[in-house]
Each structure stands twice: as structure tokens, then as C-alpha cells.
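Listed next as C-alpha cells is one chain, alone, in the form predicted alone.
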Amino acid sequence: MALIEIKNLKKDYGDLHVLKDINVSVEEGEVLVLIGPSGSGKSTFLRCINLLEQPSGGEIIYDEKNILSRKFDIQHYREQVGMCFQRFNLFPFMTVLGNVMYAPVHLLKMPKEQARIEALELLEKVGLRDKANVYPDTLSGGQQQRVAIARSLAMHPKAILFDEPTSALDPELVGEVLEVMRQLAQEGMTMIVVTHEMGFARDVANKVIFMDGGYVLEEGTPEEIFSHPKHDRTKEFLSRVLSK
């Protein structure tokens, strides 16, 4: 049974058709990685799944319910499907610990002491327990992104969406974030990841989707996509990015 199923998803901005009949399903515990050139619609697709963008058509089925239905509880859905952005979006006026505790206390109504204990455990998990009482602007980009991942995990989500989580980082900081994501994958976290990190896609994904021009042009296992791509556009894209 798919945890998230996308049916005929469309997104238009006036006459500009950014997403064109996207059909994708994500099983529980699966890591789906979206690859493709800039402007192909990958990030828009992710933002539609989280309803940061309102789709122009189609269905998004989560736990057998259409989240685009007026009766659907969007807040509850967002509590269960976390999101990590390129630019971290941490609260600058809160400590690292405060950032991780905030949503469980205010949205889940978790007792503060329980939230504190869980937040410290999550910071330990991402290797930043010693940074609990500092402010985000004292951290490197890689550390900030790991705090953002801990913040998402604090809500006990069923899935996490990652929108190019390493694209804003200096190259030497990319590995520490990808390592945390690899660990989550090994633990069975359902993830949908937009990334330019082809090594991560090849090593960690269960399923890879290649997008271009608002379409899903190819879908398959990492072996199928990277070693035996069928579509000419996929072959062209991979020959460029893998030769760098």
C-alpha cells in the first residue's frame, strides 16, 4: 500500500505549465529521489506535495485520503510529513535546542521536559548535542541543516521531504548531511528527495525519477536509471552530470 500516491498532478502559473500529469507512488519506508535539470519542476512537485504550492489539478493521496479535499486536515498532514529546505529556515532568535523543541511543544502539545529530552536525543543522533545551547548563526551550513533534520524528526513524521538539502552548502559540508540522511534511510524513514547528489541517489534510493520540462520522463531503480537509462534525455543529462 502506497503511503503517498500522486495522480495526474498538474501545476500551472497562468499559461506556464510547470507540472504535467505527474503520476508517482511512494511506499512506506521507501526512498524516492528526484533528479533532473534546473527548472524541470522537481522543487515545485515537492512543494505541491506539502501544499506550499496549490496544485492546479490531480490528486495527492496520503494514507488513502485525498489531501486536496476541502475536508482534509492539512495541519495534521503537515505534522506527519516533514520538510527540509535548501536554506534551513531555523528560528534565529532560538537556540538549537529551542528550534528542535518548538513544534512538539506548540503543535503536539508535548510536555516541555519530554520535548527537551527527545530533542537532546535527536541532536545526539545528528551529532550536535554539544551545540544545544548555541544559536543557529554560530553554526556552519552543514550543522544548520542537521539541526533542521532533527527539527523535522521531532514531530515523529511518517515521511520527510528534502528539497535540495545540500545545494546551499560548501562542498566539504555536504557529506555530513548526506550521512545523516543515509542513516535515516537505513532506519526505514520514508523520504522524497530532490537532489543533484548522484552518488546519494545511486547508493540510497529505492526508486529514482528523472524529470524534465514538467514531465516524469523515466522511473526505475538506481541500477536501471544510472546504468541502463532508456530515454535519450536521461542519457544526455547523466552524461553531463556524471562527467563533472
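Note that the structure is predicted; figures quoted are calculated from it, not measured. A residue's number is simply how far along the shown sequence it sits, counting from 1.
One more form of this protein, predicted together with a small molecule, exists but is not displayed; see below.
> Just checking whether N206 would be counted as a contact of the small molecule in the predicted complex - the rule being heavy atoms within 4.5 angstroms.
Judged by the heavy-atom cut-off of 4.5 Å, N206 is well away from the small molecule in the predicted complex.
> In the predicted complex, does G39 come within 4.5 Å of the small molecule, counting heavy atoms only?
Looking in the predicted complex, residue contacts with the small molecule include G39, since a heavy atom lies within 4.5 Å.
> Report whether the minimum heavy atom distance between T44 and the small molecule in the predicted complex is within 4.5 Å.
Although the small molecule is absent here, T44 would touch it in the predicted complex, with heavy atoms inside 4.5 Å.
> Might V24 be said to contact the small molecule in the predicted complex, defining contact as any heavy atom within 4.5 Å?
Taking the distances in the predicted complex, the answer for V24 is no, it never comes within 4.5 Å of the small molecule.
> Look at the stretches 56-64, 171-179, 31-39, 215-223 and give the one with heavy atoms within 4.5 Å of the small molecule in the predicted complex.
That would be 31-39.
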